[in-house]
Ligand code: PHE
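Take a look at this single chain in structure tokens; it is the form predicted alone.
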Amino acid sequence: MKIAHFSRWGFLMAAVGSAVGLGNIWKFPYITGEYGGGAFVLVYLLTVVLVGFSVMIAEMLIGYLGRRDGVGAFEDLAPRHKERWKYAGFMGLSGTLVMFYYSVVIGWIFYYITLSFGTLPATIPEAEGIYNHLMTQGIGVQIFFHTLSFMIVTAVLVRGIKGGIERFNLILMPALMLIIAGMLVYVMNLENFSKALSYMFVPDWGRLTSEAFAVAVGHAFFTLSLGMGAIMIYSASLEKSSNLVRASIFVIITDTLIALAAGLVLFTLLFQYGAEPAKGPGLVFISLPSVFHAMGLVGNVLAVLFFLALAFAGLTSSVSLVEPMIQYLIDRWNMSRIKAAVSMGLFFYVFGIVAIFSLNTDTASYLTWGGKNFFDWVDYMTSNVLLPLAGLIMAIFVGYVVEKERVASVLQEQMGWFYPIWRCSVRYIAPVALFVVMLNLMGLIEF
């Protein structure tokens, strides 16, 4: 079935929306400060060029040449063993698996938006108490906001590429950028902005350990939304005259700038009000609310804007996580878009409720195996196994399976002198880096 075409700007906003997710705003700032500030940023940018850029071009190329769902694209582009390679296209399912917990986290963000309109927690212990109560006892609240997340994402997907995904991203992504830019301008006038600059950008080579290189490769890959099939499906909707290289560069630069700007905003506010940077969800749901409280009414306004930006980032990523499997159901099972979108929406919605119960004090023991609850197992398997494995498969497929002449016919003119470097990277550097990072994330090797 023919996939509807994005406009050029619509594709860029959708691809950026897919890449800019929750990890940009709470993970990247923390790991930048933890692993050497400016030193880590330099390593990260290098890995983006040698790994992230290489795999992004590979994934775009599969979609651009295949013009079908992921399974069909691999099957059509493989010159031999088509029956084997088509199974690689099912990596789009990993994005829907991510939604088992991602939709739940977006629900938490919706809850904190409502909290920001009232009285925010005044202290870190109070903020921690609210967060812990939501996680372990607030089943009803979590299900309510998870349902809201499910309804928004499904409604967008039902409307398709042009009327849903493109229009959604054309509204939310500029809004997110404006919010982050406005907050950045605000914090630039605060006393501790220079301290945040130093924390994030002044190289501390002593903290740049071998582990930092693995973290940089892993984050460069995950933050660009690679290995989920989203970029592939979006690229199948590109006009034939599109320039994949320029599109990739735009997405990578925009994604990185948003992450850096968010980091400067977060750390300026934390340093300004004497809060310590926390890790992961604690940074956003525990440390920041008390900081916003200390700012008075301005803090409530900033809190609403910040959590709105976070929600926008999560929602734009969510539609890209589910779309690959929807396209598969439409192409292979002849489903209508409405039926496919609602089916996949209900799929992640039901398992999202299971994830919520796995966090609850009274039911967690029934949904916990091997030291991890259902929520953590899904996070672990998708982030540490399925996504890097999918990226590895795509790099190998484009580097070794798709005819060299077919790859060159699209990319050689667009890349120019960089083409041999990219081909070397996609054949050797990226696969080795992803394989090593995957083993490290799985705990099979240590640095």
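Remember, it's a predicted structure, so these values are computed and weren't measured experimentally. Numbers for residues come from their place in the sequence shown, where the first is 1.
Below, we turn to the form predicted together with phenylalanine (PHE), even though it does not appear here.
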Legend entry - L157: touches phenylalanine (PHE) in the model of the complex, heavy atom cutoff 4.5 angstroms: no
Inset, instruction - Indicate whether phenylalanine (PHE) has at least one heavy atom within 4.5 Å of a heavy atom of A236 in the model of the complex. - result: no
Inset, instruction - Could you confirm whether C424 comes within 4.5 Å of phenylalanine (PHE) in the model of the complex, counting heavy atoms only? - result: no
Legend entry - is_contact(L22, phenylalanine (PHE)) in the model of the complex, heavy atom dist at most 4.5 Å: yes
Legend entry - Option from 242-250, 215-223, 111-119, 344-352 whose residues, in the model of the complex, bring a heavy atom within 4.5 Å of phenylalanine (PHE): 215-223
Legend entry - Residues Y102, M228 and L321 all lining phenylalanine (PHE) in the model of the complex, heavy atom within 4.5 Å: yes
Inset, instruction - Could you tell me which one of Q327, T268, S317, N169 places a heavy atom within 4.5 Å of phenylalanine (PHE) in the model of the complex? - result: S317
